[in-house]
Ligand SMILES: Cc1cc2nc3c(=O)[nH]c(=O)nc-3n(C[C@H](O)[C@H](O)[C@H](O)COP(=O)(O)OP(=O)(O)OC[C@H]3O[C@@H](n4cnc5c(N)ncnc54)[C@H](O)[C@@H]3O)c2cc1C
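In structure tokens, one chain follows: the form predicted alone.
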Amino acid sequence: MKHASSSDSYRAIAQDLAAKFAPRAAKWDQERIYCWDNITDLTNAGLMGMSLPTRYGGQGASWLDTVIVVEELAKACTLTARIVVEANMGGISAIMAYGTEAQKEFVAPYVLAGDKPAICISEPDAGSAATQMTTTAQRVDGGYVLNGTKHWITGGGVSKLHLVFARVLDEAGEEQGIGGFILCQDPDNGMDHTGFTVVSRERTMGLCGMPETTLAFKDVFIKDAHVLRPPSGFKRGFADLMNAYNSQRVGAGTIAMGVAAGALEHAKRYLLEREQFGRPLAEFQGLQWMLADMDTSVHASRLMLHEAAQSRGPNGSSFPDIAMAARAKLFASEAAIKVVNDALQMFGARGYGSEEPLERMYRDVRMFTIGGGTAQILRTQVAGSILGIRTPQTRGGY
């Protein structure tokens, strides 16, 4: 396993891997299969769980180190970059921030060995309105029993670790708030949860190698040792758990920016190589200006994402500031769609076909204004931060 000690070292490792991943990317997309070969390479390079503290086997990499790696990988393979985000940010970072020592020691080896934890929040009738989830965790002797359905769960069927969000009920059925529950589905090691099933897989537009699934929980027992208790307790703990999502949002925005940066590199190459009307496309001012706008958008996105990665929320939070994370993901994801679209336009019919990676990159990048917080929800969060008010979306919220 390689160990990097600086952002430049991490970038160099990621660039070497990206060169290996680029030729494979079309296969995962066309065959809709998970990139297990890439997982092996990521694990050997120490990038799975790179942000975990060294005492748990990680490298203690910063959020900035992580996004530098993610950008380089996203230029070559969106799927692989997304796996690295979820192996370092989001669900795993929530456990590392709020979990017991035993929980941290339990999950770390899985991630370091290549598992991408699945964070289970969304439900068929609770997407952006996450607090309307109906999955329950009822208190019983020795733990909790999960019942409900989760939808659009990234990595369902390939992930062993799951962080499941559910409404917590006491023994009498009285609601206590929302909590997190660590479910490990690992039959080979004696952890096979009866009642936990992968119901179906969505056929997605992009990121086709990543399973997006519906998961069902029917009387699934979670022992007390695997209950993630946020600092504020169940009553107000959902906000604590969602703080971890700020790092994931920075990561998701970086994937979008990385795809855009990769598309920009392809466009530059093509403008210099391709000739029409007896001269290179690079000599046409209209295309030069398009390229300049694309470069400016990528550069601005990178600056915002790096700023967010280095920020911290209030009260000693180890996670990025919520407004900076929202602002950066919002800008980067929307900018990336335009950059990739313009790059494809420069290639003309060639970009529309599968000979070049632009059509795949366009399908992949389209997801990032939706997943991990829609552009509209992010705008609401940014507006609330500017105004210094809460911005509830229910009719009676104000």
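Throughout, we count residues from 1 along the sequence that is shown. Since this is a predicted model, take the numbers as computed values, not measurements.
Another form exists, predicted in complex with this ligand; not displayed. Remarks below refer to it.
Only one listed stretch (278-286, 119-127, 190-198, 219-227) carries heavy atoms within 4.5 Å of this ligand in the model of the complex, and that stretch is 119-127.
When this ligand is considered in the model of the complex, only one residue from Gln15, Ser9, Ser385, Gln376 comes within 4.5 Å through any heavy atom, namely Gln376. Interface membership of Ala308, defined by any non-hydrogen atom within 4.5 Å of this ligand in the model of the complex, is ruled out.
This ligand in the model of the complex comes within 4.5 Å of no heavy atom belonging to Tyr110. Contact between Ser301 and this ligand in the model of the complex is not found at the 4.5 Å heavy atom cutoff.
Although the partner is absent from this view, Thr80 stays clear of this ligand in the model of the complex, with no non-hydrogen atom inside 4.5 angstroms. For the partner-free chain shown, Met367, Ile370, Gly371, Gly372, Gly373, Thr374, Gln376, Ile377, Gln393 of 365-397 come within 4.5 angstroms of this ligand in the model of the complex, judged by any non-hydrogen atom.
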